[in-house]
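Before any questions on how it binds or moves, here is one chain, the form predicted alone, in structure tokens.
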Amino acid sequence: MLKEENNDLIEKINDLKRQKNAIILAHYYQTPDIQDIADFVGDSLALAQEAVKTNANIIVFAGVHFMAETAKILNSTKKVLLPDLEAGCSLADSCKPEDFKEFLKNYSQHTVISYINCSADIKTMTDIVCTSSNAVKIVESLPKDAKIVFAPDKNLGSYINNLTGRNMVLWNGSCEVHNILSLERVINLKIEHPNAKLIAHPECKAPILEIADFVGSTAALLNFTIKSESNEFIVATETGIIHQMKKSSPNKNFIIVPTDDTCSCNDCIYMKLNTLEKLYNCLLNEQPEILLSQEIIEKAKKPMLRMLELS
């Protein structure tokens, strides 16, 4: 898109926001132009907290489907829009409600902790929701001998088990953006950049997390790069966060761990489905709208509120 067209769209979007008392919430994995026009940019926890606080009549969620659902669960009376309904999530898709319901029959005495990266239906079967920012805190809020099922991310669950000494039962799901990253590529980058700090999201596989200098949520990774005295970082997560890292630390160097040898990127195809044009049309037409039954909202809201209380 030409810069002039881009600027024209931005102006139109800002006009519609004022007219309709709308707010744009964007995840760190969105494209830079969407991050820059958003009223708030953050990771899943911060976005959930912001969704609760907003006085806007319309929430435009520049993210993926489960995030927009989360905003609707927390704001049932507000209109929640998603620029592209096809913006799903490989991790959420790896945990189908019917399969999870059957799985839980074997663990009826367990407390169910679900990572926020799951559908509203999964949240209705959950006792407490967590994000990568507060997952350890949520797990540690339960007694040491508590029986826990953790879903849907096996890598995050395994990381928490190792960190806390727990033995949570893990659902076998993963995020393709993080799970695809290979230890070989990470090691090669460390050899090429011996002074760089390796920072990784806990959705990555265990061998990468074991050699990382820092493991944390997207927001935690960003904060680490801001505070660290290091000037170079190997970043094992989705490409989108690099935009905020460069804005916060323009004199530092950031190397994304690539998915393959064809590019120096690691993009979530679902996150990148949203565009400025779709965002404008979404605000103009107030479609596509996220709609959930009142029953699902009420059931899914309880574990969400429990998470927010514990956070």
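Residue numbers run from 1 along the displayed sequence. Bear in mind the structure is a predicted one, so any value in this text is a computation, not a measurement.
Another form, the form predicted in complex with a small molecule, is not on view; read the next lines as being about it.
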* Structure fact -> the small molecule in the predicted bound form has a heavy atom of only one listed residue within 4.5 Å, and of M67, A26, L279, I59 that residue is M67
* Partner proximity in the predicted bound form: W171 to the small molecule, non-hydrogen atom cutoff 4.5 Å -> no
* Asked: Using heavy atoms and a 4.5 Å limit, would one call Y115 a contact residue for the small molecule in the predicted bound form?
  -> yes
* N274, heavy atom within 4.5 angstroms of the small molecule in the predicted bound form -> no
* Asked: Is K72 close to the small molecule in the predicted bound form, meaning a heavy atom pair under 4.5 Å apart or at it?
  -> no
* Asked: So which stretch, 191-199, 141-149, 210-218, 102-110, is the one near the small molecule in the predicted bound form (non-hydrogen atoms, 4.5 Å)?
  -> 210-218
